[in-house]
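Same chain, two versions here, written out as structure tokens and called structure 1 and structure 2.
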Structure 1
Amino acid sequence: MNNDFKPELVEAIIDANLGLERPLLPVLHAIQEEFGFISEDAMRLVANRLNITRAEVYGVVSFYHDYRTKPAGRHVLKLCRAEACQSMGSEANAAALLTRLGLDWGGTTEDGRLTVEPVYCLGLCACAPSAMLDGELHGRLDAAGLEFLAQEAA
């Protein structure tokens, strides 16, 4: 993934979604998919092309948990913190991992390798605890399994 802002790529994304009834969210999803985050330059361009204010675009970007305004690490590990995973000990496992990595929720390791984020339910509640690493799902993740997963993401 290349984080550099490329206006022509953003333009192409907007063009591809202009036929939709309300293209803003799909456009933002695609920009984040392409660049890993949504930069201020990208927001400015989107506002301009969709003929809405920058405040509206910023309001949407900051409202939804999915959207990032800064690049994440090379790998993103989302750990479920919802009740079903809690009932199987997810909080203690997550706390141990975060302590070892020296991170808070949402933090990225110094080498830019891994970002650890909370997620509230992946729908794997009968095989808890669960996590998603770069879009891949993992269930029945005990402390050792989680540690293995975090190390695997090199």
Structure 2
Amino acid sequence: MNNDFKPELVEAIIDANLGLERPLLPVLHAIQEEFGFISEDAMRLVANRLNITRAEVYGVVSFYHDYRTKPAGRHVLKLCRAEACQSMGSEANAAALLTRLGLDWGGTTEDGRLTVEPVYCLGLCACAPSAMLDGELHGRLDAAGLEFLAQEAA
């Protein structure tokens, strides 16, 4: 992952996907894979090259929860906020963790160690409440289990 914006690299990503019928999503995925987030500069370049408005690009980036507009922490904890998880106490667990960490949704700890992001279904409804830490799924998390996951990221 490279956090420094390199227009030539973004151009190469766009060029590699231009032959696709609808290249916006693959381009954005590749940019995020390369840089860890999608910067304003990258969105501007994508809009210009794909001949769409910056508002369209930003609309897609802001709609999908997996896209970021700033770098994430070394570890990413995604907490499910779907109905099944809410019914099993996920909102209270998340609120307690966010308060303890001094974060809002999408925030990163001051030391850059952990980013906490909301997701709206991880597919573990039968094991609610659930979370994903660095791509690994965890289910049946009470407040202590969620705290343990956050400590694991330390």
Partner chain sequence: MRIYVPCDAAALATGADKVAAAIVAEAGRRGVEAQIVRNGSRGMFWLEPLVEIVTPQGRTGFGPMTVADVPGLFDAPGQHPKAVGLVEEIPFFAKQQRLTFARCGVIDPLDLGDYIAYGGYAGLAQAIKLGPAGICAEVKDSGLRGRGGAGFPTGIKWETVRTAQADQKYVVCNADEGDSGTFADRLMMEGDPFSLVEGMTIAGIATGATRGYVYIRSEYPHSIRTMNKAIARARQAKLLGANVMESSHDFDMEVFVGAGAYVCGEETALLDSLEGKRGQVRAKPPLPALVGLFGKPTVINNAISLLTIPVILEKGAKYYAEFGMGRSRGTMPVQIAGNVKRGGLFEAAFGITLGEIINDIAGGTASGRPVRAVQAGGPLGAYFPPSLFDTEYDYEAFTKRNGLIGHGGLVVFDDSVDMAKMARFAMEFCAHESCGKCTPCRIGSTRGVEVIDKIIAGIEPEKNLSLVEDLCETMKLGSLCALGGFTPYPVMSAITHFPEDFQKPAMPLAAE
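Along the sequence of structure 1, residues get numbers from 1 upward. Take the two forms, superpose them, and find the largest set of C-alpha atoms that agree within 1.5 Å; that set is the rigid core. Note that the structure is predicted; figures quoted are calculated from it, not measured.
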Panel number for the form predicted together with the partner chain
1
Give the turn angle of the smaller rigid part between the two structures in degrees.
22
By how many angstrom is the Cα of Gly19 displaced between the two structures when the rigid core is overlaid?
6.0
Can you give the CA shift of Leu28 between the two structures, in Å, with the two forms fit on their core?
2.5
